[in-house]
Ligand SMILES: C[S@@+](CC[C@H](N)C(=O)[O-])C[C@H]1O[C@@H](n2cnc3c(N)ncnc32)[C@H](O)[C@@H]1O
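First, one chain by itself: the form predicted on its own, in structure tokens.
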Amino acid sequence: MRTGVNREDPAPRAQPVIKWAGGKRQLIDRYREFFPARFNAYHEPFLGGGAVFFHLIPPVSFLSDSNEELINMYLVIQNKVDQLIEDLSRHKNDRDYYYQIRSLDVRTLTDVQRASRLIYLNKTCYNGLYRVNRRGEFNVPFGKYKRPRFLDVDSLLAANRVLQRAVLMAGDFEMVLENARPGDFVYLDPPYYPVSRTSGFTDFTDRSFSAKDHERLSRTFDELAGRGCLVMLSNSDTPFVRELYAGYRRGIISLTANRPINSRADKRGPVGELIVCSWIK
């Protein structure tokens, strides 16, 4: 039996090393009251910036994402952080240099160079927006920041320490079913279902997250809950999402969140969202 987590225990602090659209860094104080007080292993199959993981710092974690570049970055932070720091120190905040790095074919780079490129682009691109086109090419313009902090040694070393406790995998969210056991905490933070036809943003990879994927995710939620896992999901507050999780009506909580990352300034600001907790009956 794996040792239970008590969130009151002291733990080394770490923070997300990149910005991520839909990230939960600004919502942690509101989410924390809904996290289970004790659980066994932790699972997060839509890792993104990892704000919840870095807040909880569980002793046993299974972390995954469909974005292979993102998982490569975390693996490099976990296993080659000194090489990553050295490579990041070579970058510069310059428009022409930015587009030169952006145009590189990641297939020609080492794993360390790929991770360094991702962090650099994330910290210097417009509004910290990660977006790729249908060919999988990063296509966000230069951000024109005066002093972007793409080399943050303390943050990288702190992340390295806590990631030693994690298993990292790239792949579809259903892989969570392979490792989740009764008493484990599973946090599901998918690309949000759009509140209108023009508001959706799902281009973290070259494959969009469709309504059918949301339906498939709801079935995964059901299976995990049926196993005795503690499952928490966040998503947009829409009739479609409420219907998918109607069986957990008492566990549906409404929140308002500010979304500072969007390609359009008029799309940033407060939006309604839901969290669904399987254990609230």
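Everything quoted here is computed from the prediction, not taken from an experiment. In case it trips you up, residue 1 is the first one in the sequence shown, and so on.
Unshown form predicted in complex with the ligand; subsequent notes refer to it.
- The stretch among 239 to 247, 33 to 41, 63 to 71, 220 to 228 whose residues place heavy atoms within 4.5 Å of the ligand in the predicted bound form is 63 to 71.
- At the 4.5 Å threshold, heavy atoms of F138 stay clear of the ligand in the predicted bound form, well away from it.
- The ligand is not shown here, and in the predicted bound form it never comes within 4.5 Å of any heavy atom of F150.
- Mapping the unseen interface onto this chain, D94 falls outside it, with no heavy atom inside 4.5 Å of the ligand in the predicted bound form.
- Proximity of P191 to the ligand in the predicted bound form falls within the 4.5 Å heavy atom cutoff.
- Residues of 48 to 63 lying near the ligand in the predicted bound form, listed in sequence order, are G48, G49, G50, A51, the criterion being any heavy atom within 4.5 Å.
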